[in-house]
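Shown next as structure tokens: one chain only, the form predicted on its own.
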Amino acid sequence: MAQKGIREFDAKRMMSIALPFYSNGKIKFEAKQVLIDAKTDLKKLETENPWLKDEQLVAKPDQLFGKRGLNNLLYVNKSWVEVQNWINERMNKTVEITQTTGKTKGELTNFLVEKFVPHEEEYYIAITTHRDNDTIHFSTKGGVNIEEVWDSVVTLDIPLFKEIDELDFATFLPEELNEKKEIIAEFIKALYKMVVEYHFVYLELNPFTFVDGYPVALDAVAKVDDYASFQCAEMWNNLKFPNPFGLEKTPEEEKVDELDERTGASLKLTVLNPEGRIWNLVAGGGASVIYADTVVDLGFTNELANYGEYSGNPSTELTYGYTKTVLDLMTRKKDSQGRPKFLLIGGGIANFTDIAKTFTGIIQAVEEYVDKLKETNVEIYVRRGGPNYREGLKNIKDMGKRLGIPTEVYGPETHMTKIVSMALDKKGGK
């Protein structure tokens, strides 16, 4: 499971659809909001959302960081004209923000604008998924750093596979809620159903309040399991995963993200050092970590070019697209000292990934880049096992001979990461 943060805008957008549905209409949740970036046509936005001119508004960056008020990035109870001016002054500007994890510099690129909601009461709720259970935290003292008032928080642990409709969410709520206890219980129940069905792994509303008897989320933090992208495509409705604040993705990383969104398999790429000599093409999330750690343990940290994975039995076409992206990055420059580069095609022993099928995609990409691979002095080391691995290994070994690219191929009889030391000890040098 890979946890990915999503924008507050998207969390509230999903809530506006899911909560009425999962409460059988008992909970109404309005999301009067718009998301603005540098390309947004503000006049068109105003025409499509006439309420912007009629309501008092709140504006804030929506880029996966909190404590916006403490960082002077929360603009409250303002007119549409004032909000536009405030955003224009900050759009694409680099700022330094302070959070509990320290200071981070980044560019402001996306702003959430929503209806201002006058209110008196503020509540806190957080739903977290764990391996053995799910946990709901609730407090009547929302709107502050919740750790400072943690003695006000009540907790409900929900065992896995427990039928949601059998749960009595009102029993753990404080008695001081009085007449609001029933509606808050309905709200939490619908919210929890959404978390489960939409594959959220974390959802925090701090604070939320009530207007005319219905909940309003004033602030939302959410993460989803991105491995559910394919399964939840319709519910998520073209959900995009923004980069963490201060971290911008390369065009190649964005391209792999686009490939990943098209499949139920998993395709991931992080470029660490585009001039590095060691490029990993690894099947499996766990294996990708092990291969990267092995390179580091052998003393080649500065040569590790990328981190990533292809897993979950991706199609030949997607494996080809993923491999081509890696090879394009790998062959742009020769090593400055004339040393060889290494493509490590590795992985564990697959349970259901068709090795021959995925290797067909890899071979197609290598064939396309054969001249560049030779120019940059690339050597290929392969270790793999799983369904149809003998056919896959034979095909890739034949490819090396046919194309004249140094290629060493090993099956499951060889330790999973042995090819790393074979490559680096034999010719790697420092």
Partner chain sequence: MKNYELFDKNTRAFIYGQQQKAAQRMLDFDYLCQRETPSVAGFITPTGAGYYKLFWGTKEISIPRYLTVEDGIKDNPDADVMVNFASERSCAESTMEALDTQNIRTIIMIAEGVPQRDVRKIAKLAKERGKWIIGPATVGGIKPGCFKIGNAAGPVDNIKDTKLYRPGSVGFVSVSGGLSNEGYNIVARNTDGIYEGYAVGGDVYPATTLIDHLLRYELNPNIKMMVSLGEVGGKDEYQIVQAIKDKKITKPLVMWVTGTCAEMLPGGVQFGHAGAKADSKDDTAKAKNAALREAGVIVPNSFEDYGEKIKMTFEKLKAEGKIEEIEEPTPPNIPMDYAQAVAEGLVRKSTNFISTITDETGEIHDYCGVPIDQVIKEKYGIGGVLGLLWFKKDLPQYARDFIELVIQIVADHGPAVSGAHNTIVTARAGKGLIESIISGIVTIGPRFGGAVNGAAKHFSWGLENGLEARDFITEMKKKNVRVQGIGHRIHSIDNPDERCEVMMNFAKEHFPDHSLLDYALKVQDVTTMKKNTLILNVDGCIGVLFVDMLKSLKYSDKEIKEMIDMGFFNAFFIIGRTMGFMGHYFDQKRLKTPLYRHPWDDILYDVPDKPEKV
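Bear in mind that the values here come from a model prediction, so they are computed numbers and not experimental data. Numbering follows the first chain given and starts at 1.
The form predicted in complex with its partner chain exists for this protein as well; it is not shown, and the discussion that follows is about that form.
- Partner contacts here mean any heavy atom within 4.5 Å of its partner chain in the model of the complex, and among 241-249, 335-343, 85-93, 136-144 they occur only in 241-249.
- Though the partner is left out of this view, residue 66 does not reach within 4.5 Å of its partner chain in the model of the complex, counting heavy atoms only.
- Although the partner is absent here, residue 377 sits far enough away that none of its heavy atoms falls within 4.5 Å of its partner chain in the model of the complex.
- Although the partner is absent here, residue 390 is a contact residue: one of its heavy atoms lies within 4.5 angstroms of its partner chain in the model of the complex.
- For residue 130, a non-hydrogen atom is located within 4.5 Å of its partner chain in the model of the complex, even though that partner is not displayed.
- Contact with its partner chain in the model of the complex, judged by any heavy atom within 4.5 Å, is made by just one of 154, 160, 164, 211: 160.
- With the partner omitted from this view, the residue of 170, 81, 74, 289 that lies near its partner chain in the model of the complex is 289 [heavy atom within 4.5 Å].
- The candidate spot formed by 47, 99 and 216 lies out of contact with its partner chain in the model of the complex, as no residue has a heavy atom within 4.5 Å of it.
- Contacts with its partner chain in the model of the complex, taken as any heavy atom within 4.5 Å, map within 303-324 to 304, 307, 309.
- A shift of at least 3 angstroms brings the Cα atoms of residue 302 and residue 107 nearer to each other in the model of the complex than in the displayed structure.
- Legend note: Cα of residue 246 to Cα of residue 303 is at least 3 Å closer in the model of the complex than in the depicted form.
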